[in-house]
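Take a look at this one chain, the form predicted on its own, written out in structure tokens.
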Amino acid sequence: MAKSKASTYRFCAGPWNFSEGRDPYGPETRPAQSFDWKLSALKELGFEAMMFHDDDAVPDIDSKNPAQVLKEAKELKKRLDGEGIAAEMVAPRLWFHPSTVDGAYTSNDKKQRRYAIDRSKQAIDIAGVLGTDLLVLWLAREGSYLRESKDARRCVDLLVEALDAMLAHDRRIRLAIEPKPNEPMDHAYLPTIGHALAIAQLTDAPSRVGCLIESAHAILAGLDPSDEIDFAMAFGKLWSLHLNDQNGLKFDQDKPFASSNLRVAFNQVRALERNGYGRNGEYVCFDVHPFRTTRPEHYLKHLANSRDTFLALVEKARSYPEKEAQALVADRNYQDLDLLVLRHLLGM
């Protein structure tokens, strides 16, 4: 795609977005690639940043002492600087560890809760070394399969306790909660952006607790991602963004952006445009995976295509016939407004 004013957006992806094709029903369909290969691939694509789980930054993190962890984080920082790639965020990958099988911050076991908080503090230290002030919290197992197994009211207090411990650990860190209504849990305690922003108000530093919106997670909650974007940005709390797509209320599919819902994607871009997303340094991150059928030689297409589709929709948002649309709105002629949007997207 040719350079344009739309290219003022900066793009980001994570190492996990180079998926090997494994799913719950079958093994990998592509060879695994090294971290160095992924880092070079991002640079080749023109992406400016990489997002990290703590054990992406420091593999086998639980087997290493704090000094080793910080040493390896510093080595990673040098590699990133050498490629001109920034670290967008760090997230503690709590949901992989046996100690969090019953939840992390909301586990019924106090020792497991302590493990989750201590590991989160370590992730904050890694973020500081990598040069980012953003810790993302996907509260994957913070919920329940059985309502009787946990006291949901008490779990709110436990979540606030954990957030406060992280906020106190580093006065510069910002916590971005990434809501998801389900999967792996039957029901999550903070399923939407509204829940995330509400719990922020119970912490000791509400101004440092915001959110990350993922398109698919909003769709899985039965919501429109553009509404979630507008809501979060009304509070000044949209600090990161995972764009992808989702075909209905299924498992989390992480399809390329706009793959299933072009008009929904268009309205997400319009919401970002009208709210000035990116003006404060925020990145557009694509949390997308290659289709399982993708051949190794097409390994990067899902990222390149998502970026190119996003930029094309930015141009569509900026060329949207606003005066004509507002005249139809004023006349409450939503039938022709609907057609106007469709014709605009079709280039008619």
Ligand code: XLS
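Heads up: residue numbers just count along the shown sequence, starting at 1. Bear in mind that the values here come from a model prediction, so they are computed numbers and not experimental data.
Only in words, not in the display: the form predicted in complex with ligand XLS, which the text now covers.
- Heavy atoms within 4.5 Å of ligand XLS in the model of the complex belong, among the stretches 193-201, 178-186, 149-157, 116-124, to residues of 178-186.
- Put simply, Asp287 is close to ligand XLS in the model of the complex: some heavy atom of it is within 4.5 Å.
- Interface membership of His53, defined by any non-hydrogen atom within 4.5 Å of ligand XLS in the model of the complex, is confirmed.
- Taking the partner from elsewhere, Phe235 is found to have every heavy atom lying beyond 4.5 Å of ligand XLS in the model of the complex.
- Proximity of Phe231 to ligand XLS in the model of the complex falls outside the 4.5 Å heavy atom cutoff.
- The candidate site formed by Glu214, His217 and Asp252 is fully in contact with ligand XLS in the model of the complex, as each residue has a non-hydrogen atom within 4.5 angstroms of it.
- Residue Trp138 is the only member of 135-151 with a non-hydrogen atom no more than 4.5 angstroms from ligand XLS in the model of the complex.
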